[in-house]
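Only one chain is given next, in structure tokens, and it is the form predicted alone.
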């Protein structure tokens, strides 16, 4: 496969300028076909000889591919349905005491807010918010002041969904670790859009999506837990398949690997489809994917800045940015902008809890024509 094949194999891109991959990406035809093929195979009769064994083989192959894509070991990977599952595994696996605190950023997705909000009521913990600003030194100084002896965990985004800013993740991790505090990174907007190496980041946990930039089936996501942190989490979500062995009188030994957090009947066809998406990206070459997103995002920023009355909220230097660009347009609400662009066959996302901001997320299937339609549509509103 070549980069140019992605657009050809994603039919919706022929109709729409699709700038929504950081929310819900379209899927390539080979991924859809592979997922459907495995769904037919599994659902024809799961108890028939060979079917379940073959599905589990495909499932574990996907785990290996996911691990390879972020420089992790396969026994550190949980495969689930979304990013928020990983956040919940951590949040519900800590022995909380009233007065403990958690550090979030002030621009987190609801999935990395609501879980912690519920714990304020349930356990009496305190939430502290790191203000995401473009000045990284100022942000790191602020972070140091938020940490104290009652900080139990830091849970922040690798890439900010509201500005596209790439947070100084390794610096945050180092600062937290100096105080003995573990770090969970929400990688929903990073995985597949920017290079990812969990060893280089040295984070304790990393939660991520398959259905965004990876263009895997909806309802695919994962969670990395560093090997030494697996026993640190008290399992709250476990069941059949979490165990190494058990008896009929209460005896239980859990698996040593991250799979202890998986349980029950799964939609394995979607997970195998995720593996097919990763096959495509490996064939194209991750370096080609990241280079295209970088160059195209720079072009998008340049085109948007030429629109009268447009205010860009994303850092200009790409090394502090990502495939997300957010902006507002003077005198226009986000709903007005979205509806107008939809009429021009351009798909963007309004950001909740804000009446003005629009998010554009770029991918390798976006081309110059898409960018021209976006800019022309916005100029039509001014």
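Numbering follows the first chain given and starts at 1. These numbers come from a predicted model, not from an experiment.
In what follows, reference is made to the form predicted in complex with a small molecule, a form of this protein that is not presented.
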(request) Would you mind picking the one in 216, 193, 188, 258 that has a heavy atom within 4.5 Å of the small molecule in the predicted complex? (result) 188
(message) I'd like to check something about residue 276: if you look in the predicted complex, is any of its heavy atoms closer than or equal to 4.5 Å to a heavy atom of the small molecule?
(response) no
(request) Give a yes/no on whether residue 119 approaches the small molecule to within 4.5 Å in the predicted complex, heavy atoms considered. (result) no
(message) Using a 4.5 angstroms cut-off on non-hydrogen atoms, would residue 157 count as touching the small molecule in the predicted complex?
(response) yes
(request) Answer with yes or no whether residue 82 is in contact with the small molecule in the predicted complex, where contact means some heavy atom within 4.5 Å. (result) yes
(request) Pick the stretch from 230 to 238, 290 to 298, 258 to 266, 204 to 212 whose residues have a heavy atom within 4.5 Å of the small molecule in the predicted complex. (result) 204 to 212
